[in-house]
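Listed next as structure tokens is one chain, alone, in the form predicted alone.
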Amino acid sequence: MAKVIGAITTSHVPAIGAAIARELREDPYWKPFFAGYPPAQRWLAARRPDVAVIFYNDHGLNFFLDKMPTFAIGAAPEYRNADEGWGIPTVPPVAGDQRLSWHLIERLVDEEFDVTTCQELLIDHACTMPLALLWPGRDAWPVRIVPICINTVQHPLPSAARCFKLGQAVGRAIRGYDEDLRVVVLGSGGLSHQLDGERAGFINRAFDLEFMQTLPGDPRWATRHSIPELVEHAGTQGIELLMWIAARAALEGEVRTVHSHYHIPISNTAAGLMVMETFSP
């Protein structure tokens, strides 16, 4: 049977892609950010996942305000990267795992999640930045992916509690899969930031750190907040923390933090990273 080996949550700021392309990892501005990732890279190298299930939010490559699914799942043989307007260099295509994708789709529908099935799907920086940060310097990606998109753009958004239940259902579906796979679950987005309006540039360090501290042991802490409350605390685009909640929910049992890193700012965003895994006390 498949096994969920852990969850990694990370920010996906578009400027990261430009910094990687320009080889700015040692630049004084960027070095404190990139310094947080080697422990996560070593953790992955030791555990060698076969597949990464990625909770992410689309930035206009596939879905627009006229047609915006609440939850969508990729079921493609491969996923090609395209520039959604930031000028980020594109990366090589990523192989999909269609059989696992359809298993997740069927199990989620059985659990009464109305998901949109995407047999063709472009991926943007929300998928490619985590891959580039966690498996740097690769000409070919060492994992297949199953992308799961959560709407963070068009209201009404799914509640944090609903996203937690989605993550739980995905975790159950992975553990019920009849192939011997090692699966890592990624949550891509956040943390606090707002790109426009009167609060443009908003960052809430105190909330971010409390969110990160509670996520492993008390993941329902954030689900007690409504979407407007989370936007108030984390900013309009900071609502991407829904992906972190879903990724954490895919883990069952006692969960510990293997590694965490927090840095502000990168561009105009609070950047966070967490590696979590289950353990037996």
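Position 1 is the first residue in the sequence shown; the rest follow in order. If you're wondering where the values come from, they're calculated on a predicted model, not measured in any experiment.
Separately, the form predicted together with a small molecule exists; it is not shown, and the next lines address it.
Note on contacts: among Leu195, Ala95, Val115, Ala161, the single residue with a heavy atom within 4.5 Å of the small molecule in the predicted bound form is Leu195. A residue is said to contact a partner when one of its heavy atoms sits within 4.5 Å of a partner heavy atom; Thr257 fails this definition for the small molecule in the predicted bound form, lying far away. Although the partner is absent here, Ile20 lies well away from the small molecule in the predicted bound form, with no heavy atom inside 4.5 Å. Using a 4.5 angstroms threshold between heavy atoms, His125 counts as touching the small molecule in the predicted bound form. Taking non-hydrogen atoms only, Thr269 approaches the small molecule to within 4.5 angstroms in the predicted bound form.
Candidate site formed by His12, Trp86 and Glu240: every one of these residues places a non-hydrogen atom within 4.5 angstroms of the small molecule in the predicted bound form.
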